[in-house]
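Read on for two forms of one protein chain; each stands alone as structure tokens, with the labels structure 1 and structure 2.
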Structure 1
């Protein structure tokens, strides 16, 4: 569509007025008969099309506000004082009684500043300079009189303006913008080629469609490729949107969502996972501890876990060979992983197969940098079934990550204290052309499952949510999620 075809009738009228040599908005309004808002709107469209140039001149104006108008009508406080002192000297108290306490304080200040009066022994006396102004207006009073109507700032002496503005808020400023238009080379060529002003139909109404009048109407063409202002509608944060996607995927795959407390006991966070009580991960430099003691689990569970740690119990393991401390297991921590939720689910499991997942916040005493946070989200899941195999875990994770948008998924051997065999899950980042580690997975060891009363295979996996989103969004710094950068959030 050509530029001429895209012109609105208002734009055509303005171009023709400019072709006659007019330039100011006032002259164009008078020539075209258009409303000021219509001229401004159409002018901006012509400017965006490169047909006119727009020049703006800004002028600042001054006028009196309500307090300034009151001073103009009744006089400045020092003028009221001068009128009273014209009859003779007065005490400060008498002046206050005569014109009011508030005005008296202001008046005395300005009389002294202008050297119109002196105070001796609590008595106010006029100076010769003050007597000269008993009937003669001051420069400020002349300025107030001049400002009865709005005036350009440039018409007021700078020293008087400074004094007036120092008296408080008695003036108000406003800026008036005057625009002038001119044809560009393209605009001149378009006007020279001839422009016919027709009343185009801009809106196709239901009545026109019913009557068929649209067939004979001149419908205005629209440029659907024209640049328009970007609008930013409400949207979910990328992390929240990904959490919703993950929940949807797991639910579609037949999983049930589970939760657990943020402040967790060391029993569920560590001991139930066969993590020894002297493990470095349980130290203060790795874990946030909370004052107080947790509620102990069922006695049978505690006994099972204790024996497993000490000698392996019925798991076929030799255990860790130390004396397990029940009080240590009751220490309270900010959960370091959502595996604490899956441990609770294992202890409550009644029938198999069962599939559960958890998406929630976890806490680590980490030094924050571009790839580490002290608080982040973790995605955790388990499948409990007597016949579950490692091949089932491969297939389940491949399906999950494919639904998340990753085409290539691979697994490599790894070590985790509570799974055997264990593996790292990696996906291919096509943008960076490299493999990216997203989390760990494996089959829970008997030392984890049997003490909790589960005599079945348990496939487990977990990964950081932020890492998943970093791969999808192509981010390099994990801190981006929590900087509340509106530009990034709008873009994503």
Structure 2
């Protein structure tokens, strides 16, 4: 195939444009009507075929960066200070109150540096020079104004540049490359010999297929290695994907999904779980409270729970030995754990075995940071049956966590107010070569089950979700899940 035959129609158009005497890339784009990327692409091909020469000119540009733009828009810190000082003398502290501590620190530095003000006994006093500039712009302000828009460095006066650069990082430099093309001797000869632009066919149309015209058209070869635009698929949120995996495991194991109200009574969230009313977890700094009271549960239930807290009732326990307050139990909270849901399920359980689970959101009065959320997901499952034992719980947990993909599971003694025995579940992280705490488990105390009318053992386990997924995804910031950064979600 000759060079001429190998030319793509884009290349031909560019050659023709160059033949007309054009050279800058911009002009060629305008002349050929091709997309900038196509012109660039085609000219590189022409270059590689030795038909055109490419010359690149780099021009340096200067513009204000975000900080610079803010200075331009809102004024330099010392201008803010001057405006404030115009109304009278101020102490350094007053200035800080008036324009903010950060700004005032910068402002004072510059006022002194420019000899616009002196500080005497903590009071800022303007110098004559400072007074002169109360209404007149400073050199820097003029320079900022001059750089309102991006400009080539070559067009900026040297002294102006110096002023701006002395101000620290308020400028952004960028380089723009301009390309111009010229025909080589070979290229010139080719153009002279005549170039016919017959339209290559890009798209195979229905008409072409029907009419058979495809036989005479030339279907252009694509650059199959070229970068293509991204296609965005719809996906489950990464957290949702894990939630659904866990729900599926529970369902496979024969558990029924339950839900409970988000606005919950202290009774179901705490009291029925044998959490004493002075327990630190119930304090305002841990639990979100909602004004108003919930409707009281059935009288018998309230009485059972009251007596159990006070002296153990018929549970065989000593109880906590304090006077239980029925009103405190009616306080409304945002549920702090999914155990509130399983607790309600316990009270309703009639036939055994009963197996229920809950994956839902819970709330804690936390200041949100990279390690803490005020709302997050918990996973919880319970199995109720006579004859269900700790050994069965261990078996259940092994089954559950194996399905979750963990091979080695172990149990370590732990404490929860409503289970006894209690344990932490740990799984072996082969990559990090260490045991990792995943969740808690235990057998509900008789002080929880008997007042709710359950005469059977209740095996329970649960865990938080976000931290586990963080480990799997290698995330350092727990807030990532709720930022919904599409860049992250689309990549996950």
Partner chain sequence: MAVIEVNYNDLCSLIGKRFKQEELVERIDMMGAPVDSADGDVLRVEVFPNRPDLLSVEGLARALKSFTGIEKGLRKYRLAAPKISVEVHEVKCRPFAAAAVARNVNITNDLIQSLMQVQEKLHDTFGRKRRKVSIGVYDMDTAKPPFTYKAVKAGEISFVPLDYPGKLNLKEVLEKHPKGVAFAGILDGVTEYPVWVDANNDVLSFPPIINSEQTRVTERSKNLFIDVTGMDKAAVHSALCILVCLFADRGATIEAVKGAGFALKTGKMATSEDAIKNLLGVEVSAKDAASLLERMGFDAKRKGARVEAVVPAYRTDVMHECDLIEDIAIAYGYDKLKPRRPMFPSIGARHPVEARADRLRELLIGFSFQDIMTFMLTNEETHYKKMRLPEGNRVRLSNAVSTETAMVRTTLLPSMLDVLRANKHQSYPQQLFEVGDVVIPDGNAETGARTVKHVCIVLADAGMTFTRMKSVAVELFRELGKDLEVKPDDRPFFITGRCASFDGGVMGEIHPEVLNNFGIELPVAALELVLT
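Positions refer to the first chain, counted from 1. The term rigid core refers to the maximal set of C-alpha atoms that superpose within 1.5 Å between the two forms. Only a predicted model underlies this, so the values are computations on that prediction, with no experimental measurement involved.
task = Report the structure number, 1 or 2, for the form predicted together with the partner chain.
result = Of the two, structure 2 is the form predicted together with the partner chain.
key: Core-aligned C-alpha movement of residue 382 between the two structures reaching 2 Å   = No: residue 382 shifts by under 2 Å between the two structures.
task = Align on the rigid core first; then say whether the Cα of residue 357 has moved by at least 2 Å between the two structures.
result = No; residue 357 is a residue whose C-alpha shifts by less than 2 Å between the two structures when the cores are overlaid.
Rigid core superposition, residue 254 Cα moves 2 angstroms or more between the two structures = The answer is no; the displacement is under 2 Å.
ask   = What is the C-alpha shift for residue 49 between the two structures, rigid core superposed, to one decimal in Å?
value = Superposing on the rigid core gives a C-alpha shift of 14.4 Å for residue 49.
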